[in-house]
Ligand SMILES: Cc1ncc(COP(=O)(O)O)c(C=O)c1O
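One chain is shown next in structure tokens, namely the form predicted on its own.
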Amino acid sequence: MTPHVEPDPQAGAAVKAADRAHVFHSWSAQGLIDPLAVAGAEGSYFWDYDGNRYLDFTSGLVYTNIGYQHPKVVAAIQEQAGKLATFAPAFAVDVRSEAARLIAERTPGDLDKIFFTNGGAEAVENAVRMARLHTGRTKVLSAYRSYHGATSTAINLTGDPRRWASDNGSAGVVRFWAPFLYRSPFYATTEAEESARALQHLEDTIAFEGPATIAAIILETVPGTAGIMTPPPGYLAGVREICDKYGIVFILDEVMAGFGRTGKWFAAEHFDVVPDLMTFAKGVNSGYVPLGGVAINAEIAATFDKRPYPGGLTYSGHPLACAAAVATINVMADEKVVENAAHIGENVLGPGLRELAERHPSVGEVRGTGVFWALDLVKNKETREPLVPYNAAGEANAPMAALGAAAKKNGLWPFINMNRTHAVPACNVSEAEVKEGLAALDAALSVADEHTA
């Protein structure tokens, strides 16, 4: 249970005033936003200075996999700060070595070398750089309906509208359609058809781009912000085969899907696929201190045995971040957090969301696994027309804005993107908390239903 906190609106007003005076927020028109002043958080909940408490169905930005303020992770950060708060990345430091060991123990195959970054976008930047240097090629293929970060190369690899303002064509980025049966670009009617046609489309794209020019293919194992579209059986294995056929590096982006989110340590385990490079961040330490990285296979690591790798970061493997990672991974193992995520998805969250879909005409499709789910909201279940247009803003986005407001009024903080609401609570969320969230979402969906035809 979260502690009782006395409301303090005056303090909240001061926090809000300082924010509006000095903080420049990401992805926002600065004069049009009204950020909530947060007074505290614990477990699956956070609260404001007016005494309103919210069940967080966003996990921050899908990263607080063990919830807020886990005492063992907080203690580990405090202990590390007292022992060695920071040190340059060129040295061997015990907590950095232990974090790398624990991560390598859990990555699939021979992804045993870990390059640490400060977050997911930097991980993608460095994975692409490694692939280009390893192959001597330039082009990188990425999917529409994807998100890989907001730094220079990562944003150009991204396949959603946040790319458009910065789309100055990072050299050699080529996009293709990944499988998504509910809105199939291949006119498929079954998962088998969707997988086969998507793989043929990818191989055709490679043929026309020139296989010898392509360094890497990057995919989110399960695309996150773009809609949680679990790939159909055989697709990722087919991409692996195509990469092997043409000598292309296969990069899986597990920044959002990794570290228990899908009910496995890494989503790749669901598909029995081993990439050449894997990016991670977010859940590695539940976001308590910024940390990301690239897990590297033996062949690519060997490229840099005698040849310097031309990349690095001042805070690579920061001791406080690594201490948080060590503590988080140990907590997840000791408290069976990954197993809980699998159980919640299979027995509580998944069935609960499907029940909502049966009752609400606005829910076109439910998809997901573990604690990684999306509701695709529609105007009409037969036509599958999205509840709001692609990349809607202002009045055009009013139905989704109303849905969000209704959820918050009922004590649920929702993850809303375009015509979807995602259900992505902490991996250690309880059954009771999920049922509370489902009840609030049920009430909020009644607002969306008013916009169906």
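Model, not experiment: these values are computed from the prediction. Residue numbers here begin at 1 and follow the sequence given.
What follows is about the form predicted in complex with the named molecule, which we do not show.
- This chain appears without its partner; in the predicted bound form, the one residue of 288, 373, 180, 147 with a heavy atom within 4.5 Å of the named molecule is 147.
- The partner is absent here; in the predicted bound form, the one residue of 368, 227, 119, 352 having a heavy atom within 4.5 Å of the named molecule is 119.
- Proximity of residue 276 to the named molecule in the predicted bound form: non-hydrogen atoms within 4.5 Å are absent; the residue sits far from the partner.
- When the named molecule is considered in the predicted bound form, residue 325 lies well away from it, no heavy atom lying within 4.5 Å.
- Using a 4.5 angstroms limit between non-hydrogen atoms, residue 282 touches the named molecule in the predicted bound form.
- In the predicted bound form, none of the heavy atoms of residue 99 sits within 4.5 Å of a heavy atom of the named molecule.
- Partner contacts here mean any heavy atom within 4.5 Å of the named molecule in the predicted bound form, and among 315-323, 239-247, 378-386, 252-260 they occur only in 252-260.
- Residues of 195-222 placing a heavy atom within 4.5 Å of the named molecule in the predicted bound form: 220 alone.
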